[in-house]
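Only one chain is included here, represented as C-alpha cells and corresponding to the form predicted on its own.
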Amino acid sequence: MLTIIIRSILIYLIVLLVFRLMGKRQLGQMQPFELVLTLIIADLATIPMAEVSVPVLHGIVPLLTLVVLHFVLTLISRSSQFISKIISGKPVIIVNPKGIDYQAMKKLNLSTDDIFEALRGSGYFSISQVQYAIMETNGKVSVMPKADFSPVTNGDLNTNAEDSYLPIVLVSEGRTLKDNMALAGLSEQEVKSIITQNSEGSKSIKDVLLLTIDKTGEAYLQMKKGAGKSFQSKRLVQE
C-alpha cells in the first residue's frame, strides 16, 4: 500500500511539472495537438499509479517524451505558417457583413444552431448584430459586433458611427502572412514601407511582433522590443 501511495505522489508531481512546462492554458484554449497530448498524458499517468508491476521509470519516460514532443511541435508551428496550419488549422470567418458563410459552416461541420449558440454565448442574439464572427483554432468563436451594437452602443447615444472592419494580420512574430497580404491588396514591398515609416529602431520584418491593418487604413504595429502604436496608413480597396 505504501508503495502505491509513494508512486502516486511521484507521478502526480511529475504530471504537475509537465503541465507547468506546457503553459497555463485552460482546456478550452488548447490547440488540437495540445489537447491530444493532454489526453495521452492523463492515460499514461494512471498506469504506473495502479500497476505496481510496471516500473515507475516506464511511466516517467513517456511523459517526458511527450513534453519534448510538445515543445518541438510548438517550435515548428511558430517557425512555419504552413506547418502551423496543418497542426492547428487556421481561424475561419463564419459570419461576415453578408451573413453566415455557408461554405465555411459546412467545412467546419457546424449547424446554424451551433453558430447561434456561440453568438449567444458572446451576448448577441441576432445575426444582424454581428459584423464578423471567427471560429478560432481552439474551437472558440470570437465576435466583432456592428457599431450600433457595441457594449456601449452608439445607437443609445444617438450618434452616427461607421461600421467596424476586421483587422488583417500582415506580419506575426517576424513572419509575413502572404495570404493576408493578398487579401489586403498589399505587396511585401508596401508592407516593408509601412514598417520603415512607422517603426523606431529596427526596420526589419523579423523584428516585428505584430502588424495589422483594416479597410479604413487603421494600422497597428508593435516590434518585438518596444510598445505598440496605432496609426493611419494606406486605405484598402473596398470589396
Partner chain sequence: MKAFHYINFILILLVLIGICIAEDLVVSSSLKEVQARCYEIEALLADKDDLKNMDITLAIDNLEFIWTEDEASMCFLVNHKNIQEIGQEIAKLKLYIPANDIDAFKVSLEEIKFYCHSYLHFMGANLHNVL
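Model, not experiment: these values are computed from the prediction. Numbering follows the first chain given and starts at 1.
Below, we turn to the form predicted in complex with the partner chain, even though it does not appear here.
4.5 Å heavy atom contact, Val61 to the partner chain in the model of the complex | Yes, Val61 is a contact residue.
Proximity of Ile86 to the partner chain in the model of the complex, heavy atoms at 4.5 Å | Residue-level check for Ile86: no, no contact with the partner chain.
Does the partner chain come within 4.5 Å of any heavy atom of Gly174 in the model of the complex?
-> No, Gly174 sits far enough from the partner chain in the model of the complex that none of its heavy atoms falls within 4.5 Å.
Decide whether Ala50 counts as a contact residue for the partner chain in the model of the complex under a heavy atom distance cut-off of 4.5 Å.
-> Contact check for Ala50: no, nothing within 4.5 Å of the partner chain in the model of the complex.
Given that the partner chain is left out here, which of Ala184, Ala45, Val67, Val191 has a heavy atom within 4.5 Å of it in the model of the complex?
-> After the contact test, the surviving option is Val67.
Candidate stretches 138-146, 125-133, 70-78, 98-106, one within 4.5 Å of the partner chain in the model of the complex by heavy atom | Selected range: 70-78.
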